[in-house]
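In structure tokens, one chain follows: the form predicted alone.
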């Protein structure tokens, strides 16, 4: 007899069931994630929010295969993923562009790792430069770019890997408010064009709601799913939606729940 959990795992692009993670730090075993159930369907944007130190980035590292869970199971495309490394694209908060490489050469890194011929890789990247707002800057070095342009270059690098799943760890966290809003709308335009499955970690409740189909709220450490909120807002979206119902009600619900979880959080050298 199948259960709802079994059906969800089979149909999801990403599914985690009972995921836990512990770290040993200064002789102590510290739980970071505890019994996390999480899923993202194909083509969805799903956000994770929660207090600092609750394991949000650790969750992304587990999906990416950079960390092994202490317990629980990860599935990708309905198949248990024992070695998920290399199966998803990953964009960190910092753009991590190499200062000695041009914008074009930075975007090619993932393709080079995959062994794609340089001529073919360059052709793929150049085809997308205009769509990513980088046309005319292909031969510039990172120091010459604005923060938003650097993030576009990092995102293009992730898209060029060809992976169906993209993990974004606070990609706009370092940007000013105006640039951040512009980048959010730009990201939705690209999502509409490429229809990748996106898992986004953010501290910004408004950003999570604006971008997502669903939002997971994690508790204080050890991170558990306290709330999973379906975001029933029409697409395409512009920032006008943040001033209207039901966005305002969603935001109040998440802020109230987040406020309860943020009390008494102790920082540790991971998130």
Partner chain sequence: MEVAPEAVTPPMEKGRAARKDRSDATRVQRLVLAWARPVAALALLLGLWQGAVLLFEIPAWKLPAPYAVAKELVASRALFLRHAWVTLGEALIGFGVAFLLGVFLATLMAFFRGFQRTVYPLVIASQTIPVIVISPLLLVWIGYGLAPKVVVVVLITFFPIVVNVMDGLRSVDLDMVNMMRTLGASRWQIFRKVQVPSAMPFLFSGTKVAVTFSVIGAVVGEWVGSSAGLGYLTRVSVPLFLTVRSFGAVFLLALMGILLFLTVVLLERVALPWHYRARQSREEEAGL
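Each form is matched to the other, and the largest set of C-alpha atoms that superpose within 1.5 Å is called the rigid core. In this text, all values refer to a predicted model and were calculated from it rather than measured experimentally. Residue numbers count along the first chain shown, from 1.
The following text describes the form predicted together with the partner chain, which does not appear among the structures shown.
Q: Can you check whether residue 159 is within 4.5 Å of the partner chain in the predicted complex, heavy atom basis?
A: Close contact exists here: in the predicted complex, residue 159 approaches the partner chain to within 4.5 Å, heavy atoms only.
Q: Could you confirm whether residue 225 comes within 4.5 Å of the partner chain in the predicted complex, counting heavy atoms only?
A: No, residue 225 sits far enough from the partner chain in the predicted complex that none of its heavy atoms falls within 4.5 Å.
Q: Is there a heavy atom of residue 173 lying 4.5 Å or less from a heavy atom of the partner chain in the predicted complex?
A: No, residue 173 sits far enough from the partner chain in the predicted complex that none of its heavy atoms falls within 4.5 Å.
Q: Going by a heavy atom distance of 4.5 Å, is residue 148 a contact of the partner chain in the predicted complex?
A: It does: once the partner chain is placed as it appears in the predicted complex, residue 148 has a heavy atom within 4.5 Å of it.
Q: Considering non-hydrogen atoms and a 4.5 Å limit, which listed residue (177, 117, 113, 79) is close to the partner chain in the predicted complex?
A: In short, 113.
Q: For a quick test of understanding: in the predicted complex, does each of 39, 210 and 232 have a heavy atom within 4.5 Å of the partner chain?
A: Not one of the three qualifies.
Q: My question is whether residue 146 is one of the residues whose C-alpha shifts by 2 Å or more between this form and the one not shown, given a fit on the rigid core.
A: Where the cores coincide, residue 146 still shows a C-alpha shift between this form and the one not shown that is 2 Å or more.
Q: On a rigid core superposition, would residue 98 pass a 2 Å threshold for CA movement between this form and the one not shown?
A: Where the cores coincide, residue 98 still shows a C-alpha shift between this form and the one not shown that is 2 Å or more.
Q: Once the core is aligned, please say if the CA of residue 135 is shifted by at least 2 angstroms between this form and the one not shown.
A: Superposed on the core, residue 135 moves its C-alpha 2 Å or more between this form and the one not shown.
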